[in-house]
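Just the one chain here, laid out as structure tokens, in the form predicted on its own.
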């Protein structure tokens, strides 16, 4: 009963906070500046929870979260841009087919690889890469014939409904594209040690940024405009949308961590050799965690792309890739609650409060004040703001300890001998 009561209180407080913010935004009592910062805080919560899964719970030091964040942002932005500016569903149809066919290709290649004994990681990566390219080409070819019918179907709906449906699918597909790329990228890279894995993922973030700089020439996406930045993206990310996706990510993360897969994932962080000795597939657990964390990053990037309606490759450079890492360390490694609180604190303090407190012309000093606060935090409380603490709903509920029945129980009245007065 206590657990149910605490969980109910958590959800009432959490949902009450979300409704209160929406009411303040709707009535105009909360300015657009602070409303945007709250959206950014929710977005950073999602991307940081994904990194906490990879680093805090699975023990894989990754600096590639920002690269998958960028992939999700540009994927979703291209889908909604084509719908609002080009008035067709070409981006939605092609990306959807790419996700479906690439997933099918990965499944078939996995069946083939499982039958080839002694195949090294690079050879398996090559087979997966070939399957990905074939599936992508096939998706483009098939998608050309489906663009017009899908566009006509969506045009039958009211315009407001159609754009919201396209936006929702764009966010999901942005996360899926990031997850599939992380899967094929992780095949050879997850075999590396933690430090080398971090360097490899940092290199991935730099590669993504360079590709975005040349997206209009090298990749052929002229609407992205390369290093000039992508404009014309509809501002569709509302507080309700980010709140819904944040709640979904929290529920999925909580249920995963409290499941047998979550315990196996944490055991890999504690000791890979011991986990392998207990029969846990270490490589599989690393892959699942890395893909799920990248999926969350793609979702967050897709939501971010529609906050301000503008994307620039410099937003996704390798220096900015340390932001989720700072949030995870500040909130506490292995603490979902700490990650959420630290993400909102990061957005409201760094981009809001310090901008207002510092004198005019000294706004950039916030990048000095914030690291100093982080340094003091690490000296005084190295386990992070929350440590291992979790809010009631997110906290794991352990079963009651087993209490065996007493061997010698007093006899019941029915078992007593009858007293005949003798």
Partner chain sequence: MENERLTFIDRMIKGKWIGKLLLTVIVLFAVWGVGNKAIHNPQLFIQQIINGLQLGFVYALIALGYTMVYGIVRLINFAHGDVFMVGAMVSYFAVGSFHLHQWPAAAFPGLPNFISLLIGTISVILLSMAICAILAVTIERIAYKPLRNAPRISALITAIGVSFFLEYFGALPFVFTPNFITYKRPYEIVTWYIKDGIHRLEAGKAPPQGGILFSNNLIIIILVTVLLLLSLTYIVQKTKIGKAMRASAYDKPTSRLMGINVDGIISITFALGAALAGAAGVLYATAYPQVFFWMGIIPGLKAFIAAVLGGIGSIPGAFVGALIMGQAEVLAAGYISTPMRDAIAFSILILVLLVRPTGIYGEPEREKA
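Residue numbers count along the first chain shown, from 1. Being a predicted model, the structure only gives us computed values, none of them experimental.
Unshown form predicted together with the partner chain; subsequent notes refer to it.
Although the partner is absent from this view, residue 218 contacts the partner chain in the model of the complex, with a non-hydrogen atom inside 4.5 angstroms. Proximity of residue 276 to the partner chain in the model of the complex falls within the 4.5 Å heavy atom cutoff. Interface residue remark: residue 365 is counted as part of the site for the partner chain in the model of the complex, having a heavy atom within 4.5 Å. When the partner chain is considered in the model of the complex, residue 245 lies well away from it, no heavy atom lying within 4.5 Å. Checked against the partner chain in the model of the complex, the candidates 109, 163, 119, 136 yield a single residue with a heavy atom inside 4.5 Å, and that residue is 119. Of the residues given (81, 185, 167, 316), 185 alone sits with a heavy atom within 4.5 Å of the partner chain in the model of the complex.
Stretch 379 to 387 is the contacting one of 38 to 46, 379 to 387, 65 to 73, 25 to 33, since its residues have non-hydrogen atoms within 4.5 Å of the partner chain in the model of the complex. At a distance of at most 4.5 angstroms from the partner chain in the model of the complex, none of the three residues 103, 158 and 226 contributes a non-hydrogen atom. Along 310 to 348, these residues reach a heavy atom to within 4.5 Å of the partner chain in the model of the complex: 318, 319, 322, 325, 326, 329, 333.
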